[in-house]
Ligand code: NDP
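Starting off, we have a lone chain in the form predicted on its own, written out as structure tokens.
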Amino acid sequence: MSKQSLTLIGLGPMGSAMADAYLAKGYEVTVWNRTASKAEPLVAKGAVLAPTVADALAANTLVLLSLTDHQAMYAILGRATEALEGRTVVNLSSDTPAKSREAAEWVNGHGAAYLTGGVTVPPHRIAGPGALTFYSGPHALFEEHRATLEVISAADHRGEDQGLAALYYQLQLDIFWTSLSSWLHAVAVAKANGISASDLLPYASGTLASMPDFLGFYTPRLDEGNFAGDVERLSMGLASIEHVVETGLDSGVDSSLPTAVMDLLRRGFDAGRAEDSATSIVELLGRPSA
């Protein structure tokens, strides 16, 4: 039985981790990167460095992209569009749902099949426990390559719409970055008051560990449009975040982050939602701010 093979374009930390995973599984891996020297550790492990993008595309039917964004894809593949005919391109680069749909149309227009991917873990967790990648695009195409895609992570096909993988990916980052930022703000306030990040850690971890319970309780209510203030009320949340903002200001810390939350709750209060659940602000978030 011949070895399985693929081409991987883009050898930043993520692309290099993916190439490593495929080499470890015995795949024949052809790589290309704008800075060719980044391929040297992979070549030492058995990868083949293609001299040009066209050569990289010609080497294998399955082509994985790990780039900064879709604009980088156009810049790289645009120099060898004739070599795209008959290829399957799996774009694991980050971008928006709309740009993902546009990228799929562009690649399809040059005779190649296309899947969008959104990798949810950092490079060091590729091929490890809990690694997950969202995919979207033709389901039959996904199933054809599922076994290969599962080398780097669990593979979750979200639908035929090419924008869905990017959407699910960005939704996770929405949660991640806002959560991380709130923790960093809390650390800044703690440090301003002589409390180290290490001292705060067990309590911050406990707070974050409680979040799945909140999500589990409120998710059915959100789907039902039920904002009853029987458990908590927006007015209580507003008073609470006002204290958070005041504590930060008293500590001499930039409090623009909790102030943004306070302003959002105040908008809900002014809209007559004081006695409803604080989750009612989802209706404010669902439309552009004034």
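Note that the coordinates shown come from a computational prediction; the quantities given were computed from them, not determined experimentally. Counting begins at 1, following the sequence as shown.
Beyond the structure shown, there is the form predicted in complex with the named molecule, which is absent from this document and is the topic of what follows.
Steric access to the site is open in the shown form: after superposition of the site C-alphas, the named molecule as positioned in the model of the complex comes no closer than 2.4 Å to any backbone or C-beta atom. Although the named molecule is omitted here, in the model of the complex all of 34, 66 and 92 have a heavy atom within 4.5 Å of it. Only one listed stretch (138-146, 75-83, 191-199, 159-167) carries heavy atoms within 4.5 Å of the named molecule in the model of the complex, and that stretch is 75-83.
Within this chain, residue 122 lines the site of the named molecule in the model of the complex, having a heavy atom no more than 4.5 Å away. Residue contact with the named molecule in the model of the complex: residue 10 places a heavy atom within 4.5 Å of it. Contact check for residue 14: a heavy atom falls within 4.5 Å of the named molecule in the model of the complex.
Among residues of the shown chain, residue 38 is one whose heavy atoms approach the named molecule to within 4.5 Å in the model of the complex.
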